[in-house]
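First, one chain by itself in structure tokens, the form predicted on its own.
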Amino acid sequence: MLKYESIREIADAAAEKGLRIGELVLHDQAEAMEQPEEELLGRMRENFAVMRQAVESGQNRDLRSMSGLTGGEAYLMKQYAARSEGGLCGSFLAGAVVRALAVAGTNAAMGRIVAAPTAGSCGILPGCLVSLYEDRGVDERTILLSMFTAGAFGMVIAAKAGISGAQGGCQAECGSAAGMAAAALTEVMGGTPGQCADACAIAVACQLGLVCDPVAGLVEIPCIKRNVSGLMIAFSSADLALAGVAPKIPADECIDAMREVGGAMPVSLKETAGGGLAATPTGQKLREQVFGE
């Protein structure tokens, strides 16, 4: 049985058995939980359905957060993408951005989402996978298996470094989500277990040091837009790994570095709204707008 103590352990075990990581993890979890694999796949299918629903509901032009600070971002991006033929990103990536914004917006509006791995980073994995499913026609089972891959990598990151913004800054939330999504994307596109690990390493490395500075202490500004940047990093990291571009620093060492960097961050930059964008004059005005003097 897997210990989920390192990315290398998981990737090497999958390669040795000639399996995709998702297949290996599904087998392992079914054995550990003493439940049929199809039952576990069914649960993951329910999670994916929630993701798709959040994508749908989050595109409502009238959607607003409880604070009133955010809402409608996904609708605006969708309209822009439609009139500009996908804008600078192209139609596929623009659609993925819309989905990431939609899920993050649903979260801010107190809707139902899947924490992947956290509510603050909930738009990254769905934005990636729902786009492959709906726009590229990837079959559902392949998507579901890749979610097991993402979950396994997330378990390692949580154990080695942490996934809480209060513990490690936004690198622990959006950084972790980008690493998980990059691995899942790589697997869906036919990458090897080793390439999945490489994609995760690149994504994590690209978000090291990202602070958690929510304006007014709410998971809205800049959190919603950081879901978009995390999604773009996930896609680019997967493409780099699939192209054979090596990360040079292994995934496990990148995660160790994330833990070290998170520990070095001051408390003001770890979800306390005491620094960064939250402490700017405009950030303070927005806080007063929500909570008063």
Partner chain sequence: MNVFDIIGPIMIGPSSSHTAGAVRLGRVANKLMDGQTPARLDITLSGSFARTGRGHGTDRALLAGIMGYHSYSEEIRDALAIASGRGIDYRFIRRDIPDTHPNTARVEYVLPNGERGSVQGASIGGGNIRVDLVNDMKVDFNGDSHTLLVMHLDRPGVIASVTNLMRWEYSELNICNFHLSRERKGGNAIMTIEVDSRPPDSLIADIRRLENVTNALLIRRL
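Numbering follows the first chain given and starts at 1. Here the structure is a predicted model, which means the values were calculated and not measured.
Same protein, other form: the form predicted in complex with its partner chain, not shown, and the subject of what follows.
Novice: Scan Gly217, Gly190, Gly87, Gly209 and let me know which has any heavy atom within 4.5 Å of its partner chain in the model of the complex.
Specialist: Contact check passes for Gly217.
Novice: To verify the annotation, which of these, Leu240, Met44, Val261, Met232, has a non-hydrogen atom within 4.5 Å of its partner chain in the model of the complex?
Specialist: None of the others qualify; the residue that does is Met44.
Novice: Val55 versus its partner chain, in the model of the complex: is there a non-hydrogen atom within 4.5 Å?
Specialist: Output for Val55 is no: heavy atoms all beyond 4.5 Å of its partner chain.
Novice: Within 4.5 Å, heavy atoms only: does Ala182 come near its partner chain in the model of the complex?
Specialist: Output for Ala182 is no: heavy atoms all beyond 4.5 Å of its partner chain.
Novice: I'd like to know if Gly165 sits close to its partner chain in the model of the complex, meaning any non-hydrogen atom pair within 4.5 angstroms.
Specialist: No, Gly165 is distant from the partner.
Novice: Even though its partner chain is not shown here, does Met265 get within 4.5 Å of it in the model of the complex, heavy atoms only?
Specialist: Judged by the heavy-atom cut-off of 4.5 Å, Met265 is well away from its partner chain in the model of the complex.
Novice: Could you tell me which stretch in 87 to 95, 101 to 109, 200 to 208, 71 to 79 has residues with non-hydrogen atoms within 4.5 Å of its partner chain in the model of the complex?
Specialist: Selected stretch: 101 to 109.
Novice: What are the residues of 134 to 158, in order along the chain, with a heavy atom within 4.5 Å of its partner chain in the model of the complex?
Specialist: Contacting residues: Met147, Phe148, Ala150, Gly151, Ala152, Gly154, Met155, Ala158.
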